[in-house]
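Look below for two forms of one protein chain, each set out as structure tokens: first structure 1, then structure 2.
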Structure 1
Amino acid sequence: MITSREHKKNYFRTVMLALVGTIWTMDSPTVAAESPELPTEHAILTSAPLVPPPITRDYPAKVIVTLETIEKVGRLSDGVDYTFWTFGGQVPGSFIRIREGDHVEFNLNNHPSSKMPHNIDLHAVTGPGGGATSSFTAPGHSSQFSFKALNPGLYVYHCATAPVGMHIANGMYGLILVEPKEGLPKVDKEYYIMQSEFYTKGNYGEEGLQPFDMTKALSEIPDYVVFNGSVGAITGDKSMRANVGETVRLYVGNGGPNLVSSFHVIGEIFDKVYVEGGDMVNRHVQSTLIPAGGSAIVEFLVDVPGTFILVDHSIFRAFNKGALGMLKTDGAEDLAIYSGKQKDSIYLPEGGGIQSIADSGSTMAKAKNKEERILFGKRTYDQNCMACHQPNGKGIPGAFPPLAGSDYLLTKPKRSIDVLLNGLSGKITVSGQTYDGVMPAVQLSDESIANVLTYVLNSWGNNGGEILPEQVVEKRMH
């Protein structure tokens, strides 16, 4: 109990000083601690799938990292747009490469056009929120904090502003590599891949600007699971490249926000996997698990040429939701390692039948003219037909007939409507070659069937023409 007036004065003085100190701490920026004198450099930042060059110095440095958050509309899939929240204007965010022992000055700029405040939680940071508590940044403002890179490894970073899951689901994640002091073993090619999922009001492939769907996110049922922010981001002309005899290192992250990835490269075996991005190495691995908010480093030697497909081996995600990429390799064949097909003969077991592939039920825009029908048809082809009949329409010899230059198709174009509606089983002759297989009935809308057949008729040197939805309706009724 305080009994004297002097004691009361001292007590209240102490309380007031404590309150003032608290208010000052809340409202004023922290004075940066003095760092040892170090050479200063600005970090090289790259957009996926590119990686900054390896660090060659053998001493720590003060590394200045400047990253901007910006909200922008971009492509999620052909015909599908999304308002991405980004680090560096891309999804995933810029790749950051530093060295163990570096002192990092981190500057976060939030573009004035942003509607939301943002911050950054770097899993490489030892400190409250991984930097999130010091980097909360309103639109049109900048924040700065510093940290020392204590632990080597490959780490995820992401926005941690509430609601955290929504900021991550909209694209706010990336990777930061802290190279060990002794450096990483030299390889020929390095690439940056990040898996994530998107939750949209419309189903997969439904066109237009799609908003975020919180109900689907809470249920953990994404419409899209993709590499590097969109369907096809590392396929076709955007594929990664390597040559036979080269070593390839992939820095693979999983932004989540919910799913665990089963990362696999079809036709390759990982010589090394740096498990969860740390220093424990597993060897001769077929697939590796990457948790949401985690990473892995995989390395392999390219032994033979070809296109190697990268997938999440939760396989419907790859072929039906977008988690698919390509590594195209060039060089001489080595038939001792991989011969290619050596024999093709007929095998006719008992049984068989025509199955069907269901449509996604998406609401598709209706074509106003032939040009739009071809455009929309390409999207349907890419999603439903390309795996069998190939991007060039040439099919797979002995398995799937060609659509390019196909006399079976071009002499009677309307016959293909029956094939899509009802499927096809048994022998057919296409351009002089006999095929004996099963074509599943594809349960597409009348509009989608007309579009995809019109696309096929006008592609790969075929002689043109147009199929209309009314013609599909007529065939369906008869």
Structure 2
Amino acid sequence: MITSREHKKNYFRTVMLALVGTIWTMDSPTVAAESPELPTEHAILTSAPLVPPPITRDYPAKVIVTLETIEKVGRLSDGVDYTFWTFGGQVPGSFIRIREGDHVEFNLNNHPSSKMPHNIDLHAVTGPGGGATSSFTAPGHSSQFSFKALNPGLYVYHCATAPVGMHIANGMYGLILVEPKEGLPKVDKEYYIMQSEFYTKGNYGEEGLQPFDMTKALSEIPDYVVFNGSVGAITGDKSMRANVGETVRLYVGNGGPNLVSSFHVIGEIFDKVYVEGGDMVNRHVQSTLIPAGGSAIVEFLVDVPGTFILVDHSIFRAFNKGALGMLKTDGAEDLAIYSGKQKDSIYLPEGGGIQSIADSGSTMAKAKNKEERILFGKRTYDQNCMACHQPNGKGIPGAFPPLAGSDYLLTKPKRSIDVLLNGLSGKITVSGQTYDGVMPAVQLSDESIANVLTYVLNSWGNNGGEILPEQVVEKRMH
């Protein structure tokens, strides 16, 4: 607890520091006079997942960056709010794009409503604290400092005001790209993604305004691991988009505060990775490590249409803590690159006891009646659905919706055929609870889909019914 006297002393020190900062700037006109001939421009700042346009000039400029720190309540997940401390009003902070050799005049404004002083340490700065000491700013104040961008690369910036871990844990980080003098190769789409963790008093999904939990932060066990500041920030309607034939470049940062990301895009191979955001390029990479306070630039050509899922491949973080994003691609199928499911037949190992009773055809056994359909359906369920929806069909609160007593399922049983054929993502309400997860499309035959859904409709007290393979075929045709 801070006593009111200590509080006053702290505040006095803060004000003094700010004043000293102001006087120092006034007394030091040399700082501003260092780049008198450079043309001046104002940096374009963007919110994730957007990136400012590439720099087209081939000469250095004086670039003025103005960033505001503001503390505000926002959505961390459905029904879960958090008091974020931000650069520019959102998490991650605004994307800054400059050119190697530019002279940057940095203005940090701390909103009068802030409760805390803030500053900024840009990893792109060569100088003590990366700008932190020169940018320490009390609520309702503004600081200025300048730096020359000596090294090209993709750099993290973050608040470095004590307690540093807490300022970062509350959302104070972003990316600054210093383009090399010769520019970056042209691509069709560029996006900004930043991973980070949140440590809350309540566990994952517990509703309400959740305060920061220092004990969890110290033991490095986050409740949330997310891309772009909240669960589902880049899924469903907010997915990133690209077309077949286009090249995509992702600027990926990791704000931490603690975890290292094993960044992966399901179903894509990175043609190029600018390792750690520098200029060393690795090719044909499946997953790239991004340290806390580090970055990577990844590039790939979109070859086929579909939904590509971005994850931290430390996979419980993706499916249970929120580290999941989507890139949706449109265009023509290329069956030579990816065929989709071509065949589903019975596999009988050599010498197996059941071999003698198998029928000679390679098609799977067809259920002769509803009883058999339910029996076969249970096997399909155990192998394909149980892991998420649970043996008792009750799902897992906040992650996987129930199939037992699900109004979503039972009011329109045929809709679930689409769910299995195409997968499902985005917000849905099942028996009064909201879910915003990803159900992947299952690769099952028409027969198996009919069986498993019939099993589900006739289990755990559900009210019965039957789905026929013909109905699946009909849906598949659409």
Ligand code: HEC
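By convention here, residues take numbers in order along the sequence of structure 1, the first being 1. Predicted model only: the values in this text are computed from it and were never measured. Take the two forms, superpose them, and find the largest set of C-alpha atoms that agree within 1.5 Å; that set is the rigid core.
**Student:** Looking at both, which one would you say is the form predicted alone?
**Tutor:** Answer is structure 1, the other one does not fit.
**Student:** How about Pro397 - superposed on the rigid core, does its CA move between structures 1 and 2 by 2 Å or more?
**Tutor:** It does, since the Pro397 C-alpha is displaced 2 Å or more between structures 1 and 2 after the core fit.
**Student:** Any CA movement of 2 Å or more for Pro52 between structures 1 and 2, core superposed?
**Tutor:** No, because once the rigid core is superposed, the C-alpha of Pro52 moves less than 2 Å between structures 1 and 2.
**Student:** Tell me whether Cys388 is among the residues that move between structures 1 and 2 (Cα shift of 2 angstroms or more, core superposed).
**Tutor:** Indeed, Cys388 is displaced by 2 Å or more.
**Student:** Align on the rigid core first, then pass along the CA displacement of Tyr435 between structures 1 and 2 in angstrom.
**Tutor:** Looking at the C-alpha of Tyr435 between structures 1 and 2, the offset is 24.0 Å.
**Student:** Using the rigid core as the frame, report the C-alpha movement of Leu410 between structures 1 and 2, one decimal, in Å.
**Tutor:** Superposing on the rigid core gives a C-alpha shift of 3.4 Å for Leu410.
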